[in-house]
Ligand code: ASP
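A single chain, nothing else alongside it, follows as structure tokens in the form predicted alone.
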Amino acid sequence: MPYLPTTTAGDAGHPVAQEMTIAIISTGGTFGMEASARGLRPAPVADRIDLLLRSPAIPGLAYTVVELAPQIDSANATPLAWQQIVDAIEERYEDFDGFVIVHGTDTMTYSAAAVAFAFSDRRKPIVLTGAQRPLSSERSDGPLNLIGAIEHLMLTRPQTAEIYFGGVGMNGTRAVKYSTTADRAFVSTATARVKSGGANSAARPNIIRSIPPFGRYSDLEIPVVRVYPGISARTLSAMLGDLPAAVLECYGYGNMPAATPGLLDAIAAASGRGQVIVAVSQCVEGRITLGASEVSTGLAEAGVTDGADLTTEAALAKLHYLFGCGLSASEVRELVTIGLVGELTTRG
């Protein structure tokens, strides 16, 4: 049964928020880990979350804690794990006003993007959080992150899945992890307000309605290929494989060692087979601009799709989402460049 605190609004220094019933879904991660002979490992956390939220109580909060089985280190997360989270939300969607997902930090940005896309046509708030240090540690940041995530959800009611960590909330499709130790483990890549086709665009619902209903995240493999000095055409071809799509991490605004014999030919061959190749930047800030340089023009001519300022994580999750909607390669290639939940900034 949900627990409803009796604390009056404003007690214990908490901000006042409208009453909400929230499902707290734990997937594992550092937040609830305990020591073992082989190092930290996931452990049951429901009782500890319940104890944490009862004293002091958060005004207006009713909650239920759900533990997914098994609890995992998020380094082991796959698209099937994304689907497990989506299923857990879907099963409870009509019974709760919002959802807080406790998740490991290693792949939180991937899961946040996947959840954002899966629920892009609905508006109940979803916030992911976790910890750099487990609850078993005296210096754990878990309690502040969980309580902060709940209050952030209750007060701001975000319209797409967000990450709340270290006192900061951000669009989950725009977040990247930048520190293994700092309390503020994530930063947002959003440097400009989305002008069209994004979270605040009036056109967005029409775009989403044009997309078939989302099916499921599957074990479809979509590689992330990072270009680097010395990469050969043989290696690039092997990394791209014979798969439906790939994310190509380029230098700067879309550059790569195009003078290396066979590189562009390998990309053109993959595109010719129908592979959707989306270019993103290795830089945290900025965007892809194919055609701005001679080498980036070569990528465009080879059939690579300009990923604008998509993060690697958002590009990967979006490709999985669009293919999970049953779209063709040509449809995926078109829609990956259109903002659905504020994941990219369009020109204009």
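A residue's number is simply how far along the shown sequence it sits, counting from 1. Because the structure is a prediction, the values reported are computed rather than measured.
The same protein also exists as the form predicted together with aspartic acid; that form is not shown, yet it is the one meant from here on.
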*Would you check, heavy atoms only and a 4.5 Å threshold, whether Glu90 touches aspartic acid in the model of the complex?*
no
_4.5 Å heavy atom contact, Thr30 to aspartic acid in the model of the complex_ = yes
*State yes or no: in the model of the complex, is some non-hydrogen atom of Val115 no more than 4.5 angstroms from a non-hydrogen atom of aspartic acid?*
no
*Might Ala131 be said to contact aspartic acid in the model of the complex, defining contact as any heavy atom within 4.5 Å?*
yes
*Of Thr189, Ser74, Ser271, Asn145, which residue is found within 4.5 angstroms of aspartic acid in the model of the complex when only non-hydrogen atoms are counted?*
Ser74
_Counting any non-hydrogen atom inside 4.5 Å, which residue from Asp265, Asp97, Asp106, Asp183 sits next to aspartic acid in the model of the complex?_
Asp106
*Could you tell me which of 228 to 236, 98 to 106, 208 to 216, 243 to 251 sits within 4.5 Å of aspartic acid in the model of the complex, going by non-hydrogen atoms?*
98 to 106
